[in-house]
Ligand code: C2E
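Okay, so here's just one chain, in structure tokens, the form predicted alone.
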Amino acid sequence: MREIQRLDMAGRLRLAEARVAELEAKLSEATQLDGLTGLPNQHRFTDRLHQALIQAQRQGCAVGVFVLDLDRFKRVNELLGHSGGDDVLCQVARRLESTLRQGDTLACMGGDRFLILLPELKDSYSATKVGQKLLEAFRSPFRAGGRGLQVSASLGICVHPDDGMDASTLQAHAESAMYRAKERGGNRMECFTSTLNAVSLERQELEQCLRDALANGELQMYYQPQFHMDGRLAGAEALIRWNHPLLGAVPPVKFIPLAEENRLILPIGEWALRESCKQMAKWQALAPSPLLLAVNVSALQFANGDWDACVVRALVESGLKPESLELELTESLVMRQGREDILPLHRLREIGTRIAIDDFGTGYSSLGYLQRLPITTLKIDQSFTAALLAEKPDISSEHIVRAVIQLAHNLNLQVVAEGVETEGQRDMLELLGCDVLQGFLLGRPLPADAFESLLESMAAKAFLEGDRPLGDEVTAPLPVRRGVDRKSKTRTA
């Protein structure tokens, strides 16, 4: 009997050991796969690349390493939401797999970036032929959310041994080539060169500098004034500027996309909101009438679960009234949000915060979202302002701007025109019934101290000229036709 029990116990132990081994194998497999697409992840890709390089040294063959990144994929997430974006990513993975050989490796780095390993290549030309097939896989539209969607990609290529001898160098060089493809408009492939390597190093250094910029106090808020049509100061749009001690002034078009790509826009955006709210609260005490602060909200901030709580905290800490804050969201960002996604907008609107649609008219949506979202303001894109006085009727935007203003007023929305740079544009916008102007004609973005000086000088000028008591609203000093004092201003991204 005891002998039988010992045998049963040994059997159970062997069964338990086998199950443990099976679980360990499954766990090891899971840690080397991307959770969404089921493709190998970075760890497994690197392991296979090491093996391919060892084999290449023995056989004297080439090895191709590709980095593929989808172009402007954040717009897909904006259009379809994250679940729709995930669906597209899985479709991309399956389509790319179908173009590769059995021994090739397609891996997902997370997000919308993929790695491709081509072992045992004859030469570099073989790699470019495969690269062309990968790009051709994007010609047919993808289907998600009940609609067809055209997606393109940027592909960077490097080949061992010409472009590098080890795994990390090859991947870095392929990434450099991919960024060059993006800089040239995307939907293309680029092969690595030494020049691309220098560009990659510069990009990495810029990213590290940006990570330190907030802590080092290198970021600064500028404020571009906005004016009512009769010349009264309406408020200002808050804009971030970066002054590096060695690099000097870094253009927003260079560091904002980098901040969004690396999610640095989240801490930077929160700092900008708190800083500008605090500044505007101070100016409200100086201004004869309430001013409006416009602050841009990025797609990442909008997608972050507690961004409305960040807004409330900034208002409470600064003492700024909610009705003095206007949050600007791009049309492409809000037009395809689901019901749950826009709840933060409704909560903020309920406490009095204003909501503006920036760059209105440049998206691809129906106008139905204007009724379901708690919008208070439409901002006419500067491209329409610039084309207002075009000589050719088929180029002029007059009819579009007129329709936008009429639509907005019918919905009880305020209209702000961006990019006003000439008196002719200003006069036309007045004729069409625009409410607020923003443009270089009357005001460039100013640091806080300069904006405060402008505010004080305008109030003093109105008082000294005896046009109004000092407690009345501030009016722009530039004279305009028909004896009306008026000012306009431009927006700098």
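Since the model is a prediction, treat every value here as computed from it, not as a measurement. Don't overthink the numbering: it's just position in the shown sequence, from 1.
Keep in mind the form predicted together with the ligand is missing from the figure; the text below concerns it.
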With the ligand left out of view, which of D163, E237, E175, E78 would have a heavy atom within 4.5 Å of it in the model of the complex?
-> E237
If you check Q414, S397, Q382, S318 against the ligand in the model of the complex, which one has a heavy atom within 4.5 Å?
-> Q382
Wondering, does M189 line up within 4.5 Å of the ligand in the model of the complex on heavy atoms?
-> no
Non-hydrogen atom contact A314 with the ligand in the model of the complex at 4.5 angstroms = no
Can S154 be called a contact residue for the ligand in the model of the complex at 4.5 Å between heavy atoms?
-> no
4.5 angstroms heavy atom contact with the ligand in the model of the complex for D104 = no
Stretch from 109-117, 165-173, 291-299, 135-143 whose residues place a heavy atom within 4.5 Å of the ligand in the model of the complex = 291-299
Restricting to 248-270, the residues within 4.5 Å of the ligand in the model of the complex through any heavy atom are P252, V253, I256, I265
